[in-house]
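Take a look at this single chain in structure tokens; it is the form predicted on its own.
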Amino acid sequence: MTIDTIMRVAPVIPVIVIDDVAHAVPLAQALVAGGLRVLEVTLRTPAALPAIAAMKQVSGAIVGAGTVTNQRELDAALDAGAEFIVSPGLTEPLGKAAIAAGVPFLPGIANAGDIMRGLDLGLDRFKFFPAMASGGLPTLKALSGPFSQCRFCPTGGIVKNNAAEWLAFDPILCVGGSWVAPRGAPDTALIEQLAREACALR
């Protein structure tokens, strides 16, 4: 599985923060039932790594780790069973480590220099982050001109009401959003409905 394949599974990748491992499986089951199979669990809480391991047991789920910022976190995420890696930015050490590990990797970029650093490493699929704070869709459209070979997953400020506008731009394969996976004890019926609505965005 490549990062391109993963980005094309569904129009929205849930950006997930898990505070209690007990929430992991019901949340993943609800998202997958609603059609969102690619799940990004952010490494922002102590429960994140065991949550990745637990979610991997959910049939149909493709579980990755987000907020990976260095090789130590990369190794820990891979040990937990992460099937892809998302980072908020791109450094050469992290990029080289992810490439060496052979794991699908979606590094964060916010400007032309970031993209050029990624291209130098052989990467051309990127997370545009923080999307709204970095200038929104006009900025990404401007960046897509000189970097037409690249494809993107904007994350950061993407919500239900603006996701469709982003997804209408061809170089965007998917968006990342937390609205489909509210933090806390999962309301599984609501989450499944939010996932279904997200799948219908494109």
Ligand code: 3PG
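Not measured: the values here are computed from a predicted model. Don't overthink the numbering: it's just position in the shown sequence, from 1.
Omitted here: the form predicted in complex with 3-phosphoglyceric acid. The next part is about that form.
Note on the interface: of 49-57, 142-150, 173-181, 27-35, the segment with non-hydrogen atoms within 4.5 angstroms of 3-phosphoglyceric acid in the predicted complex is 173-181.
Among residues of the shown chain, F105 is not one whose heavy atoms approach 3-phosphoglyceric acid to within 4.5 Å in the predicted complex.
3-phosphoglyceric acid in the predicted complex is not approached by I191, whose heavy atoms all lie more than 4.5 angstroms from it.
Remark: K160 does not count among the residues lining 3-phosphoglyceric acid in the predicted complex, judged by a heavy atom distance of 4.5 Å or less. A residue is said to contact a partner when one of its heavy atoms sits within 4.5 Å of a partner heavy atom; F126 fails this definition for 3-phosphoglyceric acid in the predicted complex, lying far away. For the candidate spot formed by V15, R44 and G156, every residue has a non-hydrogen atom within 4.5 angstroms of 3-phosphoglyceric acid in the predicted complex.
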